[in-house]
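Shown next as structure tokens: one chain only, the form predicted on its own.
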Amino acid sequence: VKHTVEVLDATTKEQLCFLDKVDPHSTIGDIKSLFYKSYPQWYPARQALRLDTRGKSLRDDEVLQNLPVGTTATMYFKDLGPQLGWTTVFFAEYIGVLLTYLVFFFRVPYIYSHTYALTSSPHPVVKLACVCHTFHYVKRLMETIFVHRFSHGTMPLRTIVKNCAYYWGFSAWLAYYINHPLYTPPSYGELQVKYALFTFAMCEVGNLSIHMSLSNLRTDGFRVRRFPTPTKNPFTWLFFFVSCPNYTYEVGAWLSFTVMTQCLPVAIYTLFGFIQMTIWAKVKHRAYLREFKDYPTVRMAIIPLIL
């Protein structure tokens, strides 16, 4: 039996589209594509379809016949605004962060006193911090190109502007103090820097290992749903204890960078990052528990045995 789908504006309740003879096995993604033919200005990524004006947006992979509707379905449309793909989002964020930091590292004129324009710091830790910061974000860019597997998810343009302001602004703040002519090296000197560098490197390798492990979970065309498990790579053994070890390693890398530079703005950025990553990790952890009945109960969200 074919279905009919009526699409109304979520705000005005005005009928926007009436789709006749829709296959019951059609997904929400298919319906969005049909709607797009009538309204080319609203490409599928801009569309949110709901069964109720204040209800949750339907996922693209939900099937029409599995929804709590009869043979005639009424859906409410909301325009999500201009969207950009995740690859574009990450490139905008990371390239901006890289360039912002380097502007301060090379002491471009008018940032500090003209006496120090285009000079370099005499402290080796300042150069090392620049290498670590650059490596961290170049690694993220490489992961975006070669490791991460994105579905058709997008981000609203206004959110991207906000995210870029956050990342670029913090990058400028960190870089201003670390590369400042009056910057003082860490209290415990070379020993503190070496230990922090070792921990930073281990966390970066661990973070990459987890991202590659998560990427391998999606080799079946995004269809097979499994939860991540440890592999022969020792860096993935953190999966025994936490659901999101990529965030654990990320926080570890920024804590190491904080110790290495002994800089307050870096510590504040690390704290804010930890709070946000904890929120994301808890959401992911709850989703795993909900979806998989055999999910290991010993796992925490981000910090083993604690959080």
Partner chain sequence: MASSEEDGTVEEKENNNKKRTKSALITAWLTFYNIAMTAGWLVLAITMMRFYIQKGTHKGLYRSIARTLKFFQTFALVEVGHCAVGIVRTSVIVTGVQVCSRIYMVWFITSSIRQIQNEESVILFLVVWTVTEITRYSYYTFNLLHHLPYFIKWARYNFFIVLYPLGVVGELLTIYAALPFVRRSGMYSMRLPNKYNVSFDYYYFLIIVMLSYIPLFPQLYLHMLRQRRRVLHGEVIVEKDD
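In this text the structure is predicted, and so the values were computed from the model without any measurement. Positions refer to the first chain, counted from 1.
Not on display, but discussed next: the form predicted together with its partner chain.
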{"property": "is_contact(Tyr177, its partner chain) in the predicted complex, heavy atom dist at most 4.5 Å", "result": "yes"}
{"property": "Contact label in the predicted complex: Thr184 to its partner chain, heavy atom within 4.5 Å", "result": "yes"}
{"property": "Leu49: touches its partner chain in the predicted complex, heavy atom cutoff 4.5 angstroms", "result": "no"}
{"property": "Contact of Val242 with its partner chain in the predicted complex (heavy atom, 4.5 Å)", "result": "no"}
{"property": "Stretch in contact, per heavy atom within 4.5 angstroms of its partner chain in the predicted complex, of 64 to 72, 39 to 47, 256 to 264, 234 to 242", "result": "256 to 264"}
